[in-house]
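Two forms of a single protein chain come next, each set out by itself as structure tokens; they are called structure 1 and structure 2.
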Structure 1
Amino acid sequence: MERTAVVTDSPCAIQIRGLSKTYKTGFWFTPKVTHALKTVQLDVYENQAFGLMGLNGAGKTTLIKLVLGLLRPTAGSVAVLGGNISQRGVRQRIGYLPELPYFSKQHTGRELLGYFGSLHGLAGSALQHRVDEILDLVRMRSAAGLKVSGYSKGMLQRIGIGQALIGKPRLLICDEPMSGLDPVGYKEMRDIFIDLKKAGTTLFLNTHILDEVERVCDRVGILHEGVLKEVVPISKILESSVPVDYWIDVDGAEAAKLSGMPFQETVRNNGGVQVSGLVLAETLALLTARKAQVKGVRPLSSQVEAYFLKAIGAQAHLNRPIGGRRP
């Protein structure tokens, strides 16, 4: 059941009511019916960052395509920035970064941004000034004169964000913006989102990278098998009591002191033991009582990840028995 959204005075950037999408494939006399989305209700507020979380195949990209008007719903409605996506004025106030952006490879980054800026009616010095602003924002000034054919995945994502922002949109929608990035590209993209949020741009991020959600988003929705399970402020997730798994580092030689303990073999073979936060203190007390030296304790997941797994019913990931193997 969907959790009631947080009350706010902010206007809605996206308002979804009863949205459903059904696909029919196969032969006409034996069609296969797939319910990609099932009666989704969602408000995304202006001047906030909203994260849509879900496993692969949960329906996240379908939801984005319905919001953008790239698909027609089977049932329900979508309002964007107070209007309909079919209205040109509404579309002009939206920026979109698809999961796999593709650009003409024979052009430079500056040339591409100039082209997209011209589509928004910019020209002359105003166009060049806006291109320079975007290049600075997405950290691409030094690579602006290079052809796109030589760009890395991270550079393509940043120039993709640039084209989405060239028209100064009120709403930026990104589909898996961190997909395929290395750690440096990941951090750069995250910093860009944080800067945009500070500047007042409304963000709608479809992602399965939960660390991104925790650091950037104000609210999240959890989509599972086409059903929106939860809509909840990120602050409430971080304050929740959902247990997080921990890894306790114990030298394998200390296993001899743990005779009769259920995790003796795990310590011997893996140099530690994985436990739920519910039994962390108890496990540490047992190790101390046996005089086994603990080298360190670290969380194996974030609070957001633990909350997400609980919301979609993946209890097996949360309540592993003492003695689990190190991942």
Structure 2
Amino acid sequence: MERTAVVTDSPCAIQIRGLSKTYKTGFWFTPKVTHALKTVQLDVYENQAFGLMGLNGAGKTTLIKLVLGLLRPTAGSVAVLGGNISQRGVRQRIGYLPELPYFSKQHTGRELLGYFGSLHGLAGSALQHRVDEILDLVRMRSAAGLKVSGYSKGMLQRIGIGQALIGKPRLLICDEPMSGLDPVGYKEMRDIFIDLKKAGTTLFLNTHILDEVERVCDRVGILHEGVLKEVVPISKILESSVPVDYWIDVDGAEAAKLSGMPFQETVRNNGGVQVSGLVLAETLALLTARKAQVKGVRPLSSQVEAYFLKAIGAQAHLNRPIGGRRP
């Protein structure tokens, strides 16, 4: 597997070299050390969308905080937009959505956006105009006059994305942007990302929603237990021949015909069976020979999911259908 990036002409938006982060917690007599990141090497190119995938606790948030200067590296360096994050000019061109966007509860959504806009140097009617634009974009115009304390989780997330976009960033860094959004919001957000990308914004997304990665990202990094396992273009994943799981729908009355099949992972559930893509043809042939009525065959996991699980070496352990796709 290639470790470094595909050769691209675009300059780097984020350049990470030998980055490590160790958390020290506990008291001096019971020290506890967590190696959250281990010598990460990564280039994120301009005008591209980069997706960082990883399980809970893989170190995704740690990486973002290091990029933003909220944490200091134990070792290594980060360059952002050709400079250092401590420079005001660099931060001026960055938008950031934290994992849990908390705001001081006493302000309305509109006031918050106005405030963050003014930190980006906007003022007067230009600021008002931009705030209105953002409120429309994240569909929060009608709730803009409400205090944040009365917002739902998804509404907070929308204002969070709004404040990240208010300064028209060149680089947008989002830590799990889809969390808390309803299915409509989810699609809206995806469209926003795709539009931003078209307009030349660099995206850096932390996520474990693999569907989002597939639709938005150009390149993907797989982080596992603090180690950046691979960085691959999404096209390569989609072309890859990592076996995907399939669900074979068999008539319930014929479930008995499923016994004694040569596949390893069977999940019986109202007359269906889950098989790995590797044995799909074989299984179908066998079922036909037994004269079982196959009603349909559909992939259970996406290519991205299968690739991801294989990369972190969790195929057998974590093989499960994506929520909602199970027949």
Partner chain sequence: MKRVLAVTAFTFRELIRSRLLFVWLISVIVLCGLDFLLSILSFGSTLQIFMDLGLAGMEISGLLVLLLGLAVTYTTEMDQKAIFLHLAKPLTRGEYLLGRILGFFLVNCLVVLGMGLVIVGLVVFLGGGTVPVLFYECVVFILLEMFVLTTLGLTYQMIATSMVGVVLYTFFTVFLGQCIGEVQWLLNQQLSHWVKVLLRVVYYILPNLEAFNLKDRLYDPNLVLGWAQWQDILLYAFSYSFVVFLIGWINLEKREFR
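Between two forms, the rigid core is defined as the largest C-alpha subset superposing within 1.5 Å. Residue positions are counted from 1 along structure 1's sequence. These numbers come from a predicted model, not from an experiment.
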| message | The form predicted alone: is that structure 1, or is it structure 2? | response | 1
| message | Among 233, 195, 96, 147, which sits at the hinge where the C-alphas switch from fitting one rigid part better to fitting the other, between structure 1 and structure 2? | response | 96
| remark: How far the smaller rigid part rotates between structure 1 and structure 2, stated in whole degrees, is 14
| Value in Å for the CA shift of residue 104 between structure 1 and structure 2, taken after the core is superposed | 5.3
